[in-house]
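Just one chain follows, in the form predicted alone, and it is written as structure tokens.
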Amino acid sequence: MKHFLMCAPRFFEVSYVINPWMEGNLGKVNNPLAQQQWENLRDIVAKRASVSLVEPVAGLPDMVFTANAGLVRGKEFIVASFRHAERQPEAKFFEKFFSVQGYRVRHLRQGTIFEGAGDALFDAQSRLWIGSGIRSESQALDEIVDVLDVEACGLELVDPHWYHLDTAFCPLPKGHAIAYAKAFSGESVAALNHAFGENIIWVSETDARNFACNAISIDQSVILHRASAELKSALKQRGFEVIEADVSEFLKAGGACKCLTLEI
């Protein structure tokens, strides 16, 4: 059974702008609705996996996006090093949580920006895909390979709207994946096509803007904010069940279903 870490949105709000989705949304979060949406997502995930919670911290509104806490492999945890000052204090709280849970906490070299599982995703073959270009830095790849001894492939993100890898790419079971081509450099699109071939679904801009690639994969279930009829059909043909979970309040901060979870 998969295991996910989540953080209640007790202090969630849009109080600064560090990505394009936040622009125009300062102070516009409906907090009771955000809580309701988060609880619904938690319940959907909890029916298919186990869920642990980390305590939210006042003044850290983006801590709810646990995907960025770090990268977990077995009982090792590489703690994130955030690019923006607004999120940097989150790291010590996530580090404490994982240390208490018995994980071996690892750090990349001082100065290397790495924003956790938002930019590092394992596929069905246990190959690690690492995104860089907007938030995380490309040198993080070699350091992570050294720490975890895994096979890794780098992908270059080129559009600040898709600032983390998990906003534009989601590996699925049995060698499948969904992705948004315009988020990546041409070389990275070619790398994904080479790796996944006919098993990759390239989503439309509408699906990308609805954060369809920011999905949680649990067995044959794909949990996402919203998907077009075309994407639902493509996933169904490949044997996947699509479950929509409205997280519109969190889109105001540039995150959706996957951002709200960290697989541990």
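Small disclaimer: the values here were computed from a predicted structure and weren't measured. Residue positions are given as counts along the sequence shown, with the first one as 1.
In what follows, reference is made to the form predicted together with a small molecule, a form of this protein that is not presented.
Contact annotation for S15: none of its heavy atoms lies within 4.5 Å of the small molecule in the predicted bound form.
Using a 4.5 angstroms threshold between heavy atoms, D207 stays clear of the small molecule in the predicted bound form. Residue contact check for S136: none of its heavy atoms lie within 4.5 Å of the small molecule in the predicted bound form.
Among heavy atoms of G118, some come within 4.5 Å of the small molecule in the predicted bound form. When the small molecule is considered in the predicted bound form, only one residue from W129, F184, F97, Y163 comes within 4.5 Å through any heavy atom, namely Y163. For the marked spot (M22, R87 and C259), a heavy atom within 4.5 Å of the small molecule in the predicted bound form is present in each of the three residues. Stretch-level contact analysis of 198 to 206, 216 to 224, 66 to 74, 29 to 37 against the small molecule in the predicted bound form, using heavy atoms and a 4.5 Å limit, identifies 66 to 74.
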